[in-house]
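Form predicted on its own, single chain, as structure tokens, below.
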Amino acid sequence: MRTNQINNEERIKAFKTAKKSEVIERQKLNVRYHVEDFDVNDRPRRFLEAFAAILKHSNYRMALDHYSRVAARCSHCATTCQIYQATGNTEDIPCHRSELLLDVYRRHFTLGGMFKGRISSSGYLTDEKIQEMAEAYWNCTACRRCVLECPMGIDHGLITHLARYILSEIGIVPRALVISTREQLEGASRNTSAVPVPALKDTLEFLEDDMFEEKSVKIKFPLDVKESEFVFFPAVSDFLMEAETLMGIAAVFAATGDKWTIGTGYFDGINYGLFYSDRILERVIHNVDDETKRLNGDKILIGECGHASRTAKNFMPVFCGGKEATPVVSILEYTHKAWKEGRLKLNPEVITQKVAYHDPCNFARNRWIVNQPREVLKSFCKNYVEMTPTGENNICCGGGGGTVSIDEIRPYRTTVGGKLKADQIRKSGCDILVAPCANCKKQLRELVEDQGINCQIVGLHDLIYKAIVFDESLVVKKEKNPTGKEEN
């Protein structure tokens, strides 16, 4: 462990002292791609076959037809791209990156491009171009901030997703994502962190005992309770690393009295398909839907995770019943609603430090969840400060689009991808930064550590757990036995 820490510190130091032109080269050497049963010399043909199949069985062609005709190279998007702002490398300008795939589409999938290519015998896809795309599209955090700036309305985030999807079909995708989704879809545990059900139960029982000791309230994590209003799917990593987030969520339900449950058949809200493969995305969505139906739940409740919330909210209707699909609610929405209704009371004297809020891109970019968490925080955090820019214009944590899961590129994420975010955190002067997203929390903790920023990264419900005030009827009075120890 100590050796790994030293090696990581050395890599970070090297990244910080490197010239901007060298940064991308270091990134290229660090990414490990999963390539299985593919002939490298045959990649161009396989790429085009995969591209053609996706165009045939999806509606991407409509978007690409439009983008390939209006594609602007004005570089307006460069002003909002935190990768380009950190590197100064023109290859990192979003419209330049998008052109890599659009050029392939024009040349091989439009009549004009095919005719021109045949006449001039030029423009053919090569293995070098495929490698360039692989490196370029995994430098992008897919935060989609550039979409707000593009005068032609081109969704560069969508193009990044499609390019990764095609690349994954020919075996070019970071190993970290492949290993996690393989365990989730084919492994015994059926989740990305390989948490077995007995370990889940032990963890939750331990947290219940811990909460009773702290709050004197019997707060439960209900398992497999059928006909509950909410079936809960957090990022499964929360069960390993975010105990206070989970305790805060359980405490909220103890205060409101609403019926919720965690299913032991499937309990992982993570959906890495959003980052690289629509096929994976659909399969994970069906797992969530099947577990909800097994328990006959009314609603799907997603924990503090931006991409898990977005995938369930946007794609449950796409893959599981359209208008009849099970409704999806984010825990941020639920908690805000309970607070607005007066069913959640928070002590404004508990949190005295300076607190700021980070907008996860998957919540804020489309203006879905922006003000709700802020309203709750401001109600009990006296020293709340706002970072700028914020809301839909927020700066990505630097680990978006699944890059946070690729540990071997941590130095790149914390010195390049997260540079603007680090500057923003420093400027705010906050002691506590609330980030209601599992991926954001991981990235931001590594970011403040590598950048030397004295700031604690927590979830929204971590602070709620500290400040929550329970009704007296829920508090269990403890009596001391003859030995002086408290008993229920």
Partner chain sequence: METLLNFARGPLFRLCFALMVLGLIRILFLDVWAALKAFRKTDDKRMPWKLIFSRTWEWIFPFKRLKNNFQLYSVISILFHIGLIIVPIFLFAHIQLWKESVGISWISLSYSWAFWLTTGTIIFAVSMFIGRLVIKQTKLLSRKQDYLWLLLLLIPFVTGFVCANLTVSPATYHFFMLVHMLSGELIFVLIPFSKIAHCVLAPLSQVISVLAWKFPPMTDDDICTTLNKKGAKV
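Residue numbers count along the first chain shown, from 1. What you see is a predicted model; the values in this text were computed from it and never measured.
Not pictured, yet referred to below: the form predicted together with its partner chain.
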Please state whether all three residues 67, 90 and 169 have a non-hydrogen atom within 4.5 angstroms of its partner chain in the predicted bound form. yes
Is residue 137 one of the residues lying within 4.5 Å of its partner chain in the predicted bound form, judged by heavy atom distances? no
Under a 4.5 Å heavy atom criterion, is residue 49 part of the interface with its partner chain in the predicted bound form? yes
Heavy atom to heavy atom, is residue 291 within 4.5 Å of its partner chain in the predicted bound form? no
Decide whether residue 367 counts as a contact residue for its partner chain in the predicted bound form under a heavy atom distance cut-off of 4.5 Å. yes
Find the only residue in 420, 35, 63, 453 having a heavy atom within 4.5 Å of its partner chain in the predicted bound form. 63
What is the one choice in 408, 127, 214, 392 with a heavy atom within 4.5 Å of its partner chain in the predicted bound form? 392
So which stretch, 194-202, 235-243, 295-303, 310-318, is the one near its partner chain in the predicted bound form (non-hydrogen atoms, 4.5 Å)? 310-318
Across 174-202, which residues bring a heavy atom to within 4.5 Å of its partner chain in the predicted bound form? 178, 181, 182, 185, 186
